[in-house]
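Heads up, the chain below is alone and in the form predicted alone; it's given as structure tokens.
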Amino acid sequence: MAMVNAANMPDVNGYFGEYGGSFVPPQLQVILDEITAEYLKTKDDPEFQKEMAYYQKHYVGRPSPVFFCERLTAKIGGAKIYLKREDLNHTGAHKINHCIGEALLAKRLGKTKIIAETGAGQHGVALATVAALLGLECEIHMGEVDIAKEHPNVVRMQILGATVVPVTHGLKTLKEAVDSAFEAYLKDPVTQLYAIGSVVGPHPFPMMVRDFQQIIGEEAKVQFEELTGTLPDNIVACVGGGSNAMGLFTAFLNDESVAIYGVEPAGHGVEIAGKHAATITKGTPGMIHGFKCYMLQDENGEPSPVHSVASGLDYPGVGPQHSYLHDLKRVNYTHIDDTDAIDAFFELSRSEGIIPAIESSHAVAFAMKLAKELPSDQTILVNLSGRGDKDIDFVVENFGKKYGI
């Protein structure tokens, strides 16, 4: 297991080892170079840091707490399970962390509009929220399947003043939403900023989103030591594109005592092609959306169809830094299927009174399995990346009878 100095990643060309980079048309590369230069100048600017800190505290509600799941731990047995409560942020997930940073950067660059994709709708809601806060126009591309599945979040985006663009081609989910948003962005990269919703895409987006999200791990490290007197033995987060996971993992990469687990969506089973989105588990290196990463692909290098019960994990690629951390064996990437994720959704709800997002339920499900294998003096910290308000209609309609609803 290699220790990692995150401060040295990526290199100047946006590579994490062999992954990342920027593979875009030359005219767009000029714009991305401008964004990179402005970001590198801005991120260390005391005024920018002061502005970010103000919004994080007084608007988002940071720091989000760390909570010990006493009843769940007693029921499961074994290691103690703790949650980093990103679900308590304004808008209900971790996405607001990077949306504020991207929107403030857009204003510094003189942009008047922010454009993005969304799967589960949490990134879309967060970006629409920040656009309203800062007076920017906002356009969100979302697959028709996810629009139907995550209807509450669609309404929230519209109430906030965003334009929601239905994506009707392909599987009509997250990958197609990214395609559509990129196409719209390419038509006018001068007045718009594409505010990517995860640690994916061409450089500098994997770096930027990670940097804006790393407050999760920085807070958690201090909070966990205050609560228990030591670091967690294990940390766990779900991985689709991977922003909430990088947010938690970054602060712990050089702590040899901390085992790190990234949980991918196994859908109906990782052995069934097209019925999962376990990118690192079953993928190979390839190119998607302007960067290199592990991806699920066909014999022609085109993205394969994917599935997850969680719309926010339904993506055939993964962040380049995750790809690199997998090769280094610093992070253990594993997977949880739809059934176990929904079981965890109800277990956490009924044991602790916390309704998690289905995405986050994958991490909870793995933590429950891991806890059973470990002694009671071990600890597990789960990044509860979002709350499940957006999922309740879908869950009740499709799984309610099994759980007595």
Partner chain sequence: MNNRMTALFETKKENILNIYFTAGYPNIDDTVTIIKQLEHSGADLIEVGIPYSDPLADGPTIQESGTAALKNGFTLKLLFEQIREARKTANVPLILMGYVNQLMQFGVEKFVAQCADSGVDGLIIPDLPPNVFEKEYKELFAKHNLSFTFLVTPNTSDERIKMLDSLSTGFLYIVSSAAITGAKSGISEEQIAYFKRISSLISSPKLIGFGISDNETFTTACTYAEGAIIGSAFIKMLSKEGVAGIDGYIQSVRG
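As the structure is a computational prediction, the values presented were derived from the model and not from experiment. Residue numbers count along the first chain shown, from 1.
Keep in mind the form predicted together with the partner chain is missing from the figure; the text below concerns it.
S.K.: Assess the spot marked by N13, Q29 and G301: is the partner chain within 4.5 Å of a heavy atom from every one of these residues in the model of the complex?
M.R.: Contact check passed for all of N13, Q29 and G301.
S.K.: Among the candidate residues K292, R85, H335, K111, which is the single one with a non-hydrogen atom no more than 4.5 Å from the partner chain in the model of the complex?
M.R.: Checked against the cut-off, the match is K292.
S.K.: Could you work out which of L186, A148, A132, V270 is the residue within 4.5 angstroms of the partner chain in the model of the complex, going by heavy atoms?
M.R.: Selected option: L186.
S.K.: Using 4.5 Å between non-hydrogen atoms, is V24 touching the partner chain in the model of the complex?
M.R.: Result yes; V24 sits at the interface with the partner chain in the model of the complex.
S.K.: Since only the chain is shown here, I'm wondering whether H98 would be in contact with the partner chain in the model of the complex (any heavy atom pair within 4.5 Å).
M.R.: H98 lies outside the contact set for the partner chain.
S.K.: Taking the partner chain as it sits in the model of the complex, is Y261 near enough to touch it, meaning that at least one heavy atom pair lies within 4.5 angstroms?
M.R.: Residue-level check for Y261: no, no contact with the partner chain.
S.K.: Hey, in the model of the complex, does R210 get a heavy atom within 4.5 angstroms of the partner chain?
M.R.: Contact check for R210: no, nothing within 4.5 Å of the partner chain in the model of the complex.
S.K.: Taking 4.5 angstroms as the heavy atom distance cut-off, pick the stretch from 250-258, 274-282, 301-309, 86-94 that is near the partner chain in the model of the complex.
M.R.: Of the options given, it is 301-309.
S.K.: Taking the partner chain in the model of the complex, which residues of 166-181 have any heavy atom within 4.5 Å of it?
M.R.: Residues within 4.5 Å: K175, D179.
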